[in-house]
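Listed next as structure tokens is one chain, alone, in the form predicted alone.
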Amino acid sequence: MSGLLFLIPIALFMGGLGLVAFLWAVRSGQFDDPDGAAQRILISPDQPLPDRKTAQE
């Protein structure tokens, strides 16, 4: 029983830390362009990248 008094605050702290990391990733734009990295592999480095607005339309 005394172990729970020690483990519950640690679990809440780690959960809060994960939530803060997730919110930081969302606010810094980590999920804005999930397809961009996959497309950059296929595009030759000599060619300029297509404009985002024209590629989505």
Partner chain sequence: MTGLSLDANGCPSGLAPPSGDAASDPSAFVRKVGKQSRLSLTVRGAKCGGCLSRIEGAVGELPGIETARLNLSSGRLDVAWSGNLDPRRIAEAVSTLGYGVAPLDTASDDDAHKKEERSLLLAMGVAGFATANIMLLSVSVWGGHGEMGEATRQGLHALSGVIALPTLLYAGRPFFASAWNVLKKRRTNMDVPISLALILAFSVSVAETIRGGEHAYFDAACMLLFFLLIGRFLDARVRRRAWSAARDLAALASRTVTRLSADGTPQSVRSEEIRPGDRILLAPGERAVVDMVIEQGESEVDESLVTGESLPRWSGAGMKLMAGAINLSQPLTGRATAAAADSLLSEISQMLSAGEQKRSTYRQIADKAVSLYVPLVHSTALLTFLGWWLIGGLGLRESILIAVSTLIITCPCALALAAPVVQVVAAGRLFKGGAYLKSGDALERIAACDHIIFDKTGTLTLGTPRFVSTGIPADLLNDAAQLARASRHPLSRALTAAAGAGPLAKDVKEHPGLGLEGEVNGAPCRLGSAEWTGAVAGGHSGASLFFARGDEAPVELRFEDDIQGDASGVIGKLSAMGMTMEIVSGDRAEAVSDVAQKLGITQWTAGAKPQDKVRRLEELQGAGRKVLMIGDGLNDAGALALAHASAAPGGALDVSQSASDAVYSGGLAPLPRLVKTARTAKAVMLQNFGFAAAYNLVAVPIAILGHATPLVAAIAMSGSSLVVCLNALRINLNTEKQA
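All figures in this text were calculated on a predicted structure; none of them were measured in a lab. In this text, the rigid core denotes the largest set of C-alpha atoms whose superposition between the two forms falls within 1.5 Å. Positions refer to the first chain, counted from 1.
Although not depicted, the form predicted together with its partner chain is the subject of the following passage.
Residues Ile8, Ala11, Leu12, Gly15, Gly16, Leu19, Phe22, Leu23 are the members of 7-23 with a non-hydrogen atom no more than 4.5 angstroms from its partner chain in the model of the complex. The two forms, fitted on the rigid core, differ between this form and the one not shown by less than 2 Å at the CA of Val20.
Core-superposed comparison between this form and the one not shown: CA of Ile10 displaced by less than 2 Å.
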